[in-house]
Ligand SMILES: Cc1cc2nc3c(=O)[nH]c(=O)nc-3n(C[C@H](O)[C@H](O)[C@H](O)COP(=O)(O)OP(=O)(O)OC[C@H]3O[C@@H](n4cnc5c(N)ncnc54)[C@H](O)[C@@H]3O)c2cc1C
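In structure tokens, the next block holds one chain alone, the form predicted alone.
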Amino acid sequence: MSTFDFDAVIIGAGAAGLFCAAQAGQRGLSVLLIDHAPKLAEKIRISGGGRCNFTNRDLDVRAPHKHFLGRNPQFCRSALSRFTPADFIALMERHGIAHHEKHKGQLFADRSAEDIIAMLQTECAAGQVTLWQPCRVESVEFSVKTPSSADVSSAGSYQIQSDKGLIRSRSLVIATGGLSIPKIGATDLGYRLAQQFGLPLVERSPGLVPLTFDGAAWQAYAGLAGLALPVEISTGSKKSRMAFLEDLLFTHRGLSGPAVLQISSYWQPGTPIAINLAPAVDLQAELLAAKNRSRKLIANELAQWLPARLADAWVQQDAAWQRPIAEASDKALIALAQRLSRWEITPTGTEGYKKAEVTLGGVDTQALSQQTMECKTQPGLFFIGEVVDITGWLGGYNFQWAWASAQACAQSLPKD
């Protein structure tokens, strides 16, 4: 088989890999981008309902811990401050890609995520990036150069054995993503390469993922599948408490929707979540006031503030709630209001990586330079994007981390 030499090899042609390849190529480096999947950037393609929530205007680069998780969320501050949402928006506008804001700073392509993929391909073409796809990486080795060696740089080189031949490069960038959504090609290659070169890993788990509940405990709510409503959802206590105001979705197996996806990244197994099903009103005051003016059933009164299906299902839990509100005791109405305002329930698990949007954990940021994304103990080896122990909230934050970490890496890759 042939041997191929490049200034930089990037494994993983997702958001981070494509953007890093384009930026490095446009700096004049010879770049090879490799991906094992038959389809390019499938995670971009399916995100945001097919329109790709590509960034978030509300991202505060001075306080990344507000929107990012990890053992050290401050790690991402350097990259995010040097490539901001405004920078990616400017790139979109140069390519004439219209976009819109839904809510809470979330930006989407007007037409299709395909426009963003095409833009990244155009940027790669401008940098004369070589793309091998599908291409399987079989092994990676590193050789330190000796005075008599013919390796490609004074620092040493990486030898990547692939099913298309042997590749040599001074720099190797790992942009393989996490374990989420294996049906579109997610693998653990990035973590295995990190371990091969002695980098520590933070334990991985599914993030931004629906929560599931025990079959018997969930029986009373399973019939609500498909019902959605705005809620306040929280987990933890005191300083560790985290809460979101978002929409909740009931499913056959548990809870989903933006509220649950957000809280799932903070939820710890075995602990409860608390949900206020009517955060916009004081239910206790409203129900007690209605008692003096209405002859309706309690469920019918509740339907002013909750979906009727939910109100009907909820009152079935107690005979004291299954009567006209005028006949109910104050104690029963107060108990109902308190239960609806703080529904505590303990998930038994999650839907796992098959439904998770991201992977929590990954390559420990202590092992990387926050300026360049290069390994501190392994010259020429870089990790970017989701494979790193940095995870953003739902709403475009993870894509912005992909663009920013890719840019930081691309600008630091050495030219031979």
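Heads up: residue numbers just count along the shown sequence, starting at 1. Quantities reported herein were computed from a predicted structural model and do not represent experimental measurements.
What comes next is about the form predicted together with this ligand, which is not displayed.
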task = May I ask whether L69, Y191 and A367 all come within 4.5 angstroms of this ligand in the model of the complex, judged by heavy atoms?
result = no
This ligand in the model of the complex has a heavy atom of only one listed residue within 4.5 Å, and of C52, L32, V363, L360 that residue is C52
The listed residue (S294, T187, T346, Q128) that reaches within 4.5 Å of this ligand in the model of the complex by any heavy atom is T187
Quick one: does S180 come within 4.5 Å of this ligand in the model of the complex, counting heavy atoms only?
-> yes
Q.
My question is simply whether I11 lines the interface with this ligand in the model of the complex - judged by any non-hydrogen atom within 4.5 Å.
A. yes
query = Is G380 one of the residues lying within 4.5 Å of this ligand in the model of the complex, judged by heavy atom distances?
reply = no
Hey, in the model of the complex, does A63 get a heavy atom within 4.5 angstroms of this ligand?
-> no
Across 34-71, the residues having a non-hydrogen atom within 4.5 Å of this ligand in the model of the complex turn out to be I34, D35, H36, A37, K43, I46, S47, G48, C52, N53
